[in-house]
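Single chain ahead, written as structure tokens, the form predicted alone.
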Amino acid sequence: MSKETIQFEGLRGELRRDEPMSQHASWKAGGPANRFFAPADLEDLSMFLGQLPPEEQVLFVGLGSNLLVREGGWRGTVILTYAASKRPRMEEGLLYAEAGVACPRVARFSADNNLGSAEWLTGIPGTVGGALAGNAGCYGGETWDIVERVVTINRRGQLRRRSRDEFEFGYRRCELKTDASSDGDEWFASAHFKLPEGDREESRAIMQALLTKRRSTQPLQLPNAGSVFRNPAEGKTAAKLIQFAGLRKYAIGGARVSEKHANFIVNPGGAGTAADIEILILHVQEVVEEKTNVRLVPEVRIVGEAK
């Protein structure tokens, strides 16, 4: 294990070196991060970022459900936003949640507080930060449909409040508008959601129905990263195109296309490597394009160095 080369001061969170990212990615595969920090809170995160070298590569990770880190690892810093203790709360009539709050927890909190239009979040296997960054959605809902405002944090650890009007967002994407003033890299730190009045029991029933549907149609019992590819603009689903291409159950190494949902790649027992998964993703792209003339675009982020 390499030694820390920077003497950080005043931190309250956990700082580690050479952290295996297989422990923080839902595929249970991936190489190590040079530096890994789990902040105690936003103040602690601000303190940490303010002491990082400006050239340091930074990767924010929540539940690792949309992420593949190659075996060579991440030659920079990984910041873990998720913490089981993080919970939403109400502020000024809006639902407030930090980036590290799990999306299903937001759905449950909304229902418990008689708020509607957030039940679909129970089907997002990630955190608020990732949902904001990729405009995550399912079952007819999308994250930015319910955002009122956000707080971002930059490389110097400075927090900035931004309105939804400062962002451009669409299907599985979100970016700052080109005319929005920025000091460089910014990451989502928290969000306020505006939700209409709802009914607790009705929302719980909707959530239960969505969970039942999810369990029956997705391979949740096996390591996976959620949907691997975006649905193409043509209106066809990625799963149907992959199935049409004859790739259901197709395997490379320990990774395979799920027999239950063709847009999922599973890694039973964590036996597959990140390379197995990446090669399988590329193979699916190539075969689907060859047979349907549609080039599938991955939803998952593939980062890091090859071994």
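Counting begins at 1, following the sequence as shown. The structure presented is a predicted model; accordingly, all values stated were derived computationally and were not measured.
Although not depicted, the form predicted in complex with a small molecule is the subject of the following passage.
- Proximity of residue 264 to the small molecule in the model of the complex: non-hydrogen atoms within 4.5 Å are present.
- A residue is said to contact a partner when one of its heavy atoms sits within 4.5 Å of a partner heavy atom; residue 137 meets this definition for the small molecule in the model of the complex.
- Interface membership of residue 274, defined by any non-hydrogen atom within 4.5 Å of the small molecule in the model of the complex, is ruled out.
- Not displayed here, the small molecule is approached by residue 125 to within 4.5 Å at the level of heavy atoms in the model of the complex.
- Residues 99, 133 and 224 are all found to lie within 4.5 Å of the small molecule in the model of the complex, as judged by heavy atom distances.
- Note on contacts: among 243, 34, 65, 258, the single residue with a heavy atom within 4.5 Å of the small molecule in the model of the complex is 65.
- Here the chain stands by itself, but in the model of the complex one stretch of 54-62, 245-253, 274-282, 34-42, 54-62, has heavy atoms within 4.5 Å of the small molecule.
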